[in-house]
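Just one chain is shown here, as structure tokens, and it is the form predicted on its own.
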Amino acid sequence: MSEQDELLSKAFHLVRQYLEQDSELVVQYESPESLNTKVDLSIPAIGVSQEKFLYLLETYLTYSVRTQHPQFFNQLFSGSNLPGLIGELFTSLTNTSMATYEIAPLATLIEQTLIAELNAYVGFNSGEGTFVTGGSNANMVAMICARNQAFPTAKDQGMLHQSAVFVSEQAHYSFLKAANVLGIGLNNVIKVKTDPKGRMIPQALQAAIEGAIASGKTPFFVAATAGTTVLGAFDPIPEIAEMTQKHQLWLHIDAAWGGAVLLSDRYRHFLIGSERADSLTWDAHKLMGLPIVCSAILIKHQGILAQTVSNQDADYLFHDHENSAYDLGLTSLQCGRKADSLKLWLAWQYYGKSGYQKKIDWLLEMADYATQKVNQCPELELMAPTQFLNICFRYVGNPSADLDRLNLELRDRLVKSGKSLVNYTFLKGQVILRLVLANSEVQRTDLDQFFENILAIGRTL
């Protein structure tokens, strides 16, 4: 066996061992100072031995957060997806770029097939799209498409108008980043009021649009959210679409978190009216469980992406030939771009449409179960109605205590124990714990254990 074969064999043994290991802990917590003393991070003058290299791999696994663990509820992604993992491996193995058909023939056809499939779920019957580096990037691509449609000279001359974009006050912070990058300005991102459930209020949007026009700004973009980060709220798309149509504004739906609900016949009504939008963000690395990153921006009408992002000054890359119509680089802001579509395609092949529908339905069932657990426990308080897969609650076992400080301390101890990982945020000025259900392998017993871990630490405080 060659040295390369031996290294591959031993490395894949670590992979298999990691996947099969039934770890009690989500993370073996160490402070940054402690971790720096345990691992030599310096770059050696001479390459390390195979033994040391394998030790470094094993050490990395030891101290990494196990996001596939049934007690990981910290982010809007979690769980394991074996076909997706295999797809990630084969993507890196072939190591190509999605710029041209010539360098990525089958990957190009796979991406086109998936973009068409995702568009069909949304209701974009003749749409287009591209895979991007995440939901934040997808939201920015949507905004630049809208900008160039509203201001045709912006692409060549820059922004010559004081414009305005509208998002809900619960929208993702990426819209502010996009406004900064595109020269629109943070002050021109107008946050629209939401109702008690965190949904954009259409009447407030109407007032905001009229106010912007009265102040001399030119509105051009409205972003609705399908699954807000904290409350899991879905903005009322049909009503918002009426406003955008009335004022001839681009309607984008940030469905990074909630887009996969369209895979379920039972719950796709959460996104009713999606076909009326001009664009939509879909993160397959969230509810479809793919390894990060696997995101797409979907556009309702053909030709807008190329018109927006193509510069036509790269004749060293894009050539006029029989397959040039398949060159996806002309519709992407990126040049070098991984074949992220492969892992989604393989996972969909593996589970099928029915398999993914069952996953989404199961997660909504688990959200109901978790909500019942909170409501049935006098030491816990539900802080907002559960609308999707976000369960917002707090520990109130000691009502005489400072509950904000108590819950921050509880969460800190829980994280450092490594037994469960859950995030916190602020809701109406109060600290809350946000349980996120994204791992379709989670069972009732896992949620039972999570709440037992919460209560055990809470009672010690």
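One rule holds for the numbers: they count along the sequence shown, beginning at 1. This is a predicted model, so every value here is computed, not measured.
Missing here is the form predicted in complex with another copy of the chain; even so, the following discussion is about that form.
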Arg147: touches another copy of the chain in the predicted complex, heavy atom cutoff 4.5 angstroms:
yes
Determine whether any heavy atom of Val65 comes within 4.5 Å of a heavy atom of another copy of the chain in the predicted complex, and answer yes or no.
yes
Should Pro399 be counted as a contact of another copy of the chain in the predicted complex, where contact means heavy atoms within 4.5 Å?
no
Quick check on Phe451: any heavy atom within 4.5 Å of another copy of the chain in the predicted complex?
no
Within 4.5 Å of another copy of the chain in the predicted complex - does that hold for a heavy atom of every one of Ser23, Ile213 and Arg266?
no
So which of Cys377, Met366, Ala154, Ala384 reaches within 4.5 angstroms of another copy of the chain in the predicted complex, heavy atom to heavy atom?
Ala154
Name the single residue among Ser332, Thr371, Gln206, Thr194 that comes within 4.5 Å of another copy of the chain in the predicted complex, judging by heavy atoms.
Ser332
Pick from 232-240, 271-279, 106-114, 249-257: which stretch has non-hydrogen atoms within 4.5 Å of another copy of the chain in the predicted complex?
106-114
Hey, which residues along 3-38 are within 4.5 angstroms of another copy of the chain in the predicted complex, non-hydrogen atoms only?
Gln4, Asp5, Leu7, Leu8, Ser9, Ala11, Phe12, Leu14, Val15, Arg16, Tyr18, Leu19, Glu20, Tyr29, Glu30, Ser31, Pro32, Glu33, Leu35, Asn36
